[in-house]
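Just the one chain here, the form predicted on its own, laid out as structure tokens.
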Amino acid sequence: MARILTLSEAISELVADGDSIALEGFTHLIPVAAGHEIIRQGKRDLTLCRMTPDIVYDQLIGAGCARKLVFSWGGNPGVGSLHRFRDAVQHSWPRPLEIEEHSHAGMANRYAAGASGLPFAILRGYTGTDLPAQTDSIKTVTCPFTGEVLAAVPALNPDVGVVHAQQADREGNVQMWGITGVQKEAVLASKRSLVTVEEIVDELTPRPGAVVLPKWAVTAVAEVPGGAHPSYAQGYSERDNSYYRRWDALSRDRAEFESWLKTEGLAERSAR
């Protein structure tokens, strides 16, 4: 049975310096509060994995938590670039950042292979790009039945998988609905997992199209209302577009970012 912990307890117990960690979510249900707690606790030398790293990864990188990023597309959705990410790659500030870039399909297949207990995934992909020349973890294999040459990528098994969801029951069964990406696969592929939720309820009510993570697949659950802000949680909160626009302006300048880090990034979280 998944244990019910506070967010602070969960990050302290599950995330160690040097871990690989995936905070997954696509547009919706992004575990931002968990990312801020990682910053607050000063975790270091992390390998950050994500299909679409956005502003919470920009914040983690700028705070000096990351040594490597494994990703596909990265940006401030609907606004522009990730300026702390760019500064780390181009100028090694606040520390050098190693990058391992894949396509969306490559990352999704890596999680699926990890969740399935397979050593690698194969796909028709990367054709016409120079990613195989830049990324050592992209290889080719020849189909033994047809002779077709396919792309191969290693399974992704993070030390810790973190996602946000709408509800969990008191035994740690989790339910999420709306736009879901690879949250299920990320949790199942990870050695340890944390799900932050909008609320803990006595009983989960089945919903059409919902994803259910059973208690045996989850290490810990933390009740964190508003834990996806500024992204949204369907049925609970709206997307805070102004936050994304504000981030673009303040993240461009190191001094502005450091001011944000002291006043918001390291501040104790309050319920929204």
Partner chain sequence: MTGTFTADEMMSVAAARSLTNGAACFVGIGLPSTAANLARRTHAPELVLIYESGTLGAKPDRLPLSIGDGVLADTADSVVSVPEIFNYWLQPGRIDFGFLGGAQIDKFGNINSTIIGGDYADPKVRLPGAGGAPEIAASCREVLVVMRQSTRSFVESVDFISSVGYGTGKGDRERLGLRGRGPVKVITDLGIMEPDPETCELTLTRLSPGADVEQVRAATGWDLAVVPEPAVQQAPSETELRVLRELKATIEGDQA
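Numbering follows the first chain given and starts at 1. Just so you know, these numbers come straight off a predicted model, no measurement behind them.
Missing here is the form predicted in complex with its partner chain; even so, the following discussion is about that form.
Participant: Ok, Leu118, Ile99, Cys143, Val201: which has a heavy atom sitting within 4.5 Å of its partner chain in the predicted complex?
Facilitator: Of Leu118, Ile99, Cys143, Val201, the residue with a heavy atom within 4.5 Å of its partner chain in the predicted complex is Ile99.
Participant: In the predicted complex, which of the listed residues (Arg170, Arg95, Lys139, Arg124) lies with a heavy atom within 4.5 Å of its partner chain?
Facilitator: Of the listed residues, the single hit is Arg124.
Participant: Could you tell me which stretch in 37-45, 60-68, 241-249, 221-229 has residues with non-hydrogen atoms within 4.5 Å of its partner chain in the predicted complex?
Facilitator: Stretch with heavy atoms near the partner: 241-249.
Participant: For the three residues Ile4, Gly18 and Val32, verify that every one has a non-hydrogen atom within 4.5 Å of its partner chain in the predicted complex; reply yes or no.
Facilitator: Result no, not one residue of the spot touches its partner chain.
Participant: Would Met51 sit within 4.5 Å of its partner chain in the predicted complex, counting heavy atoms only?
Facilitator: Met51 belongs to the contact set for its partner chain.
Participant: Is Asn157 close enough to touch its partner chain in the predicted complex, meaning at least one heavy atom pair within 4.5 Å?
Facilitator: Judged by the heavy-atom cut-off of 4.5 Å, Asn157 is well away from its partner chain in the predicted complex.
Participant: Whether Ser193 contacts its partner chain in the predicted complex should be assessed with a 4.5 Å heavy atom distance threshold; does it?
Facilitator: So Ser193 does not count as contacting its partner chain.
Participant: With the partner left out here, check for me: in the predicted complex, does some heavy atom of Gln175 sit within 4.5 Å of its partner chain?
Facilitator: Gln175: no contact with its partner chain in the predicted complex.
Participant: Listed by sequence position, which residues of 169-208 have a non-hydrogen atom within 4.5 angstroms of its partner chain in the predicted complex?
Facilitator: Gly178, Ile179, Gly181, Val182, Glu185, in sequence order.
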